[in-house]
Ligand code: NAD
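In the block that follows, a single chain appears as structure tokens, in the form predicted on its own.
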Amino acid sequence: MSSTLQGKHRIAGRWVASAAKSFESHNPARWDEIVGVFPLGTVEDANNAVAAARAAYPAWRRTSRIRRAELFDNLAQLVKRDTDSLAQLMARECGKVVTECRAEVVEGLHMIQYVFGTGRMPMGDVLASEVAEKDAFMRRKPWGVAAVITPWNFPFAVPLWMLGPSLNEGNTAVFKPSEDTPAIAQRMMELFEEAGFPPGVVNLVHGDHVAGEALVKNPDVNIVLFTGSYDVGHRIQQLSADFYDRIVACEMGSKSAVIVCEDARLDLAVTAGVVSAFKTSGQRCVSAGRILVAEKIMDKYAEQFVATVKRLKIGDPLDASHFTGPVIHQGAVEKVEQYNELARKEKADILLAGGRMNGGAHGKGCFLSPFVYRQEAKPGIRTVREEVFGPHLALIPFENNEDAVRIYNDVEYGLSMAVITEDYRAMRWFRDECEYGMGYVNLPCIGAEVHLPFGGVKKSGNGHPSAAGLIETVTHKTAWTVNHATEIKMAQGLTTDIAKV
């Protein structure tokens, strides 16, 4: 067992403790293991961090964009150096299998490399003017201070999706990670410090909703970047409505799905379904809570799918041979069990009665085995419409492609979808008719890459995608027009004659 970390905030380039209470971060695979003890951030802590970011902003904005990018290259080398130790720490703290954690560190590295590359790319456009003597430009400028509030399930990559573009474009930031994964966040801030980012450019405040809400209520915050539940995202948008210069980007819940068409390659479809539903124990925002299957192949698909799921190895996340590990905490166990019971009450056909795993080493952690059932997409059925965020999956039959689209869209969310088919016309139909932010063909509905936008529609997002798409949110466009003549000529033929008095 590793030693217990002693956490601190990082504000204005200094590691500071809080006079307030502390909280513990536990290993969800061994709940009696405390990963670290961290300060519970107060309103004062949050406001101090915002003040530090505001003070650092003018000098950071004036720093060469290429120089800012070079600091990200420094950061990339440090992440490469520490990839394995970062993955180990993440596996202990959030319960994802170490192979997944390593892939997430690499995803964070890719985001760092992406923003490093954009440092030498155009930051605007040169445009023609109606008047030959004028040069016209569109230039991007940063907003100011960004509050970055992130979830536990991707505690390394998601913050970098947000911090990377924000800082590279000249904003400063305050980072408030999930209280479930403060240790990996603190380690990330240590790397930012080692990479040479100036004091106050990126600040860290640990804690719960108190610190998070204080950031959102602070008028010196220009941008709020959030990934998490719909309820919290909705609250952030409500609080931000009172600020005339506030931009909010929210990536929230989902009820993502895989659509398996009649002509699908069965082995591929089963693999895509299993990975979509049960990687990270179903705790990705893009995890499939539903697999829609053509009626004619439903029995065959369900049989092969359940047989495959039964073979999955669930256990210690530090053991790379395991497919998945525990859910994040006891509250998540209880929520999933409640939805499992709800499926029974809604008269679902239970195909695999998964649930709490209490035997052996599992008894020390928050382990759940997959729960799989067949259910019709009838009105009023909650389990096929509400986000569960755990190893709980509905197999839903559909009659034809039009019916599949209707069922897919009949939820309040629209984040991710995948279609398994060999028919290019069907691919196009689902591409155009389904409501989603990320779509895949003959792939799982998980597996984002950083150079693509990450976000959704409806309750899943508000039109400001993360990762590569975030540059549109963390900057604003300005028009800059220069006259090279010695007299004034106006667009649209507007006269400049001034009547003599």
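We number the residues from 1 along the sequence you see. Quick caveat, the model's predicted, so the values are computed rather than measured.
Another form exists, predicted together with the ligand; not displayed. Remarks below refer to it.
Asker: From the candidate stretches 424-432, 349-357, 224-232, 376-384, select the single one in contact with the ligand in the predicted complex, where contact means a heavy atom within 4.5 Å.
Answerer: Going through the listed ranges, the match is 224-232.
Asker: Consider E93 of the chain shown here, and say whether it contacts the ligand in the predicted complex, taking contact as heavy atoms within 4.5 Å.
Answerer: No, E93 is distant from the partner.
Asker: Quick one: does Y436 come within 4.5 Å of the ligand in the predicted complex, counting heavy atoms only?
Answerer: No, no contact at 4.5 Å.
Asker: Even though the partner isn't displayed, in the predicted complex is F454 close enough to the ligand, meaning a heavy atom within 4.5 Å?
Answerer: Residue-level check for F454: yes, a contact with the ligand.
Asker: Just to confirm, N218 within 4.5 Å of the ligand in the predicted complex by heavy atoms?
Answerer: Close contact is absent here: in the predicted complex, N218 is far from the ligand, nothing within 4.5 Å, heavy atoms only.
Asker: Go through K80, K364, H110, H209 and name the one with a heavy atom inside 4.5 Å of the ligand in the predicted complex.
Answerer: It is H209 that has a heavy atom within 4.5 Å of the partner.
Asker: Considering the ligand in the predicted complex, which of G170, G119, P151, G315 comes within 4.5 Å of it through any heavy atom?
Answerer: Only one listed residue qualifies here, and that residue is P151.
Asker: At 4.5 Å, heavy atom to heavy atom, what parts of 171-196 sit next to the ligand in the predicted complex? List them in sequence order, or say none.
Answerer: K176, P177, S178, E179 sit within 4.5 Å of the partner.
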